[in-house]
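Next up: a single chain in C-alpha cells, the form predicted alone.
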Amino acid sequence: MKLHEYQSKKLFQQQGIKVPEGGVADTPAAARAVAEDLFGKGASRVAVKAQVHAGGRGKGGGIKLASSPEEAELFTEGMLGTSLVTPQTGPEGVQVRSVLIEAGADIATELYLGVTLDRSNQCAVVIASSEGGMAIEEVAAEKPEAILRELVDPGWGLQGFQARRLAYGLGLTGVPQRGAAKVILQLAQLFQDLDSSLVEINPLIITADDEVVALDAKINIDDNCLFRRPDLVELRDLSEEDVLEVEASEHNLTYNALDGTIGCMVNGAGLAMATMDEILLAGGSPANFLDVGGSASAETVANAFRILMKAPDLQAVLINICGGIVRGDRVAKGIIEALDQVEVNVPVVVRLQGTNAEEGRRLLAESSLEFTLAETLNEAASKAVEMSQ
C-alpha cells in the first residue's frame, strides 16, 4: 500500500524527522488559504505539489513554486482534475485530486536517503547518496560509486556507528553530519515500525542554517502486515489504485492488470509468472496476473472470471491449475459452476495437472460448455495465443 507525500510526512513528524510546514488542499481556494498562512509566517515562496502515487512529478509539471498566494491558487487550479503523466505513470497518467502546499526551503545540499529490503541478504538495507534530487536508479546506473549501503541486522537494528559512517560517507561534517546520522536512525526505525517495504526521502536537504529536512517523503507498506495496523489501512487511497485490483482484493484474489490480451487464471504466484512467460514465448501478451490461491472454489473462480471479463482488450482466457492442495476434479466443477453464473464471451483454454487432474479434464470435456483442453503449459499457451488472434 502506497501513501501520499503528505501522509508520509505526518508519519515522519511523529518519528521526529523535520519536514517543511504546509497543508493539503483539494480546491484552489483552500490552496490559497494555506499559502496565505505560510506567507504570513515569513515564507518567501511556497511549493505546490500534486499528490499522486507516482515519482517524477517535477518532470511532469506536478511541482511548481509560487511567489504569492494568488499564484499558488492559480497553479492549484491548473493541476486539480488533470492527468499527471510522469515516468512512473505510463502515458495515461493519474488524476490529481489534491495538492500539498508547503513553505519553500533554503537548500544548501541535496541528499538521497532510503530504506528498503535486501532480499539477497534477507534484511533491510539503508541506501544513501550525495546525489539527491535524482532518481536513485539513474544514480546507480551513471555513478554507482555514489551509492552507499548499510545492512540492518534484524535482531539489533541499525546501529549508531553505521548511521555515522553513512553521514560521513555523504561528505558531511559537524552539525549537519550529526543531524543526518540522527535522521538515518529515525528512518530505519520507522521502516521497522510500519512494516514497510520502502521509506524514502529524496531529497533530504541540508539548509543554509545546517538543518536536516525531509523535502520529499515516500512510504510503501507491506500489504501482508496491514492486519496489525488498522490505523494505516485508513490511509489507503482507493482512487489511486486500479479498479479491478481493488475489486480483486475484496475477494481475496491477487490481481495485477497488464496491457495484453490473454487473461491468466492460476493458483500460485510462481505458476503465474511461468504462465505469463509461456504466453510471451508463444507470441502473445498477458492481460493480467491473477492468482486464485489454494481454494479455486466455484465462488472464487466465478469472482475471478467477473474480474477477467472487465479487462479492456481481453481476447482469450488461459486457466492453468496445478492440483496440489486443491484437487483437479474440484477445480473443474468450480469452473463449470462459475461459467453458469458468469457470461464469458472469449475462448477459454484449460490446463489441469496434479491431484485428480484426469478426472477434472473428463468433467470439463463432458460438460455442455466449450473448453479447449491442453496437457502441457506450452501447448496451453500456444492454443490461447492462437485463439486470441
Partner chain sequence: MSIMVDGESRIVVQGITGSEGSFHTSQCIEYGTQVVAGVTPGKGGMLFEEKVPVFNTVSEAVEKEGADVAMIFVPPAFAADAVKEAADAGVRLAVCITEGIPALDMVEVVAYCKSRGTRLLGPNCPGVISPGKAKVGIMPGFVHQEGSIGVISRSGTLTYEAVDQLTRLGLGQTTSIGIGGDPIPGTSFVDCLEMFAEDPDTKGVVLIGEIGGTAEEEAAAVIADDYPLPVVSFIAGSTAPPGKRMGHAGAIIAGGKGTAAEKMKALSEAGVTVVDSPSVIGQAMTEILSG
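Numbering follows the first chain given and starts at 1. Throughout, rigid core stands for the largest set of C-alpha atoms superposing within 1.5 Å between the two forms. The structure presented is a predicted model; accordingly, all values stated were derived computationally and were not measured.
Omitted here: the form predicted in complex with the partner chain. The next part is about that form.
- Within this chain, residue 208 is remote from the site of the partner chain in the predicted complex, having no heavy atom within 4.5 Å.
- Taking the partner from elsewhere, residue 165 is found to have a heavy atom lying within 4.5 Å of the partner chain in the predicted complex.
- Contact annotation for residue 310: none of its heavy atoms lies within 4.5 Å of the partner chain in the predicted complex.
- Mapping the unseen interface onto this chain, residue 268 counts among the residues with a heavy atom inside 4.5 Å of the partner chain in the predicted complex.
- Three-residue candidate spot 192, 196 and 254; every residue lies within 4.5 angstroms of the partner chain in the predicted complex by at least one non-hydrogen atom.
- This chain is drawn without the partner chain; in the predicted complex, the residue among 216, 73, 278, 102 with a heavy atom within 4.5 Å of it is 278.
- Proximity to the partner chain in the predicted complex, defined as a heavy atom within 4.5 Å, holds among 235, 107, 274, 146 only for 274.
- Look at 220-228, 73-81, 126-134, 200-208: in the predicted complex, residues with non-hydrogen atoms within 4.5 angstroms of the partner chain sit in 220-228.
- Along 152-171, residues 153, 154, 156, 159, 160, 161, 164, 165, 168 each place a heavy atom within 4.5 Å of the partner chain in the predicted complex.
- With a cut-off of 2 Å and the rigid core superposed, residue 13 has a Cα displacement that falls short of the cut-off between the shown form and the other one.
- After superposition on the rigid core, the Cα atom of residue 99 is displaced by less than 2 Å between the shown form and the other one.
- For residue 33, a C-alpha deviation below 2 angstroms is recorded between the shown form and the other one after rigid-core alignment.
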